[in-house]
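Form predicted on its own, single chain, as C-alpha cells, below.
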C-alpha cells in the first residue's frame, strides 16, 4: 500500500474562549492507502499544523511534511517508523512538524490495523487490552465552591478518580490554592483518587511550587502535574527531592521520546504523561511506555479532547496491567462529543479499555462534524496549497 491522500479537517466551536479547554477546536486527519482509510488527530493549533504539511520548502532540512508522507509505503509498523524518521530529518527546522506528524501517524496505525483486521494494541505486541481507571479531567472553578461542585458532579457521574487543573491555581497565594485542593477532596469524597494539574504556572520557580506541597499532601493528592515548563528538568528534580508523598508528574509537553526520557532520567518524575497528538504519534508513545516500565515510572495517557484521541492515547500502554490510571475527557465541548459514533464508555465497574475493534476502533461521525468545519484556504504566490476537503 502507498499513501495516496492525506486530508486535514479544521473544526471549531462557534466561539473559542481563553479557557484552558483544548476541546474547543480540533484538527482531524484522514489518510487513504490501498483502499483503506485511517483517522488521527493532531493536538495543536489547526492552521499552523496544516501549513506545516503544505508549506513551500525553505531548504533541505525544512521541507513540508507532505514530502515525506505522500506516496510512502505503509505495510508494517516499521514503515510507519520510517516515515516518522524521514519527517524528523527532512523537516527538522519546521517546528510544527511533530504536531502535524502526530495525527498522520495515528491515522496510519488506524489504517494498518483495519487492513490487517487487528486492533492497534495487538500490533504493538500486547496479548490483551487491560482495563484502566478513568479519571474525570476537569478544570478548577473560579471559586473553591465551584471546584467542590464540579467534584461532586464527577462523583455523582460515577467517577472514583478525578483531576483538576489550571483555572486560578498559582495566580494567587498558596492558601488560596489550598482552599481549592480541599474543596476538590471534599467534593470527590475521601475514597476518590485526586490529581492536580497546575499547567506549568511556576515556570522554573521551585520555591513557589514547593509552597503548595503541604496542602496537596493534606488533600492526599496522588500527583502534582506540570508545575514547570516541559524542559525545566532541573526544577522538576529539585521539587522531586522534597520529602513528599505527592508524586511529581509531567510529560505532555514532550514532542519526542528524548524529551520524555530526560524528564524521567533528569527530572525524576514519578508519572510520565504522554500525548500521542504531540509526541509524534502512537509509536513514540509506546517507546516511552517501555522506557517508563524499565524505570519503574508510571505511564499515563494525556488527552483532553475527543474519543478518537482517547483511543489513540490508550494504545501505547493498553496491555500494561500495572499502569491503571488513564485520563478521560469528562466534560468536552459539543464538537469533541460529535467526533465518534462509538465513544469509549465506562463498564459496570466504572473502568474503560482500548477498543477490541480493528485499528483504533473508533468510527468518525463525518455528518455530525460538518457544522463545525472551518472553511480554510492557504494560498502562496497565487497558488492554492490547501483548501478544505470534503468530509463525505
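Here the structure is a predicted model, which means the values were calculated and not measured. Numbering follows the first chain given and starts at 1.
Form predicted in complex with another copy of the chain: not shown, discussed below.
- Shown alone, this chain has one stretch from 319 to 327, 332 to 340, 360 to 368, 49 to 57 that lies within 4.5 Å of another copy of the chain in the predicted bound form by heavy atoms: 49 to 57.
- 255 is the sole member of 150, 132, 255, 286 with a non-hydrogen atom within 4.5 Å of another copy of the chain in the predicted bound form.
- Contact with another copy of the chain in the predicted bound form, judged by any heavy atom within 4.5 Å, is made by just one of 278, 180, 212, 307: 278.
- Contact between residue 123 and another copy of the chain in the predicted bound form is not found at the 4.5 Å heavy atom cutoff.
- Within 4.5 Å of any heavy atom of another copy of the chain in the predicted bound form lies no heavy atom of residue 185.
- Put simply, residue 201 is close to another copy of the chain in the predicted bound form: some heavy atom of it is within 4.5 Å.
- Within this chain, residue 231 lines the site of another copy of the chain in the predicted bound form, having a heavy atom no more than 4.5 Å away.
- For the partner-free chain shown, 374, 375, 376, 377, 378, 379, 380, 381, 382, 385 of 365 to 391 come within 4.5 angstroms of another copy of the chain in the predicted bound form, judged by any non-hydrogen atom.
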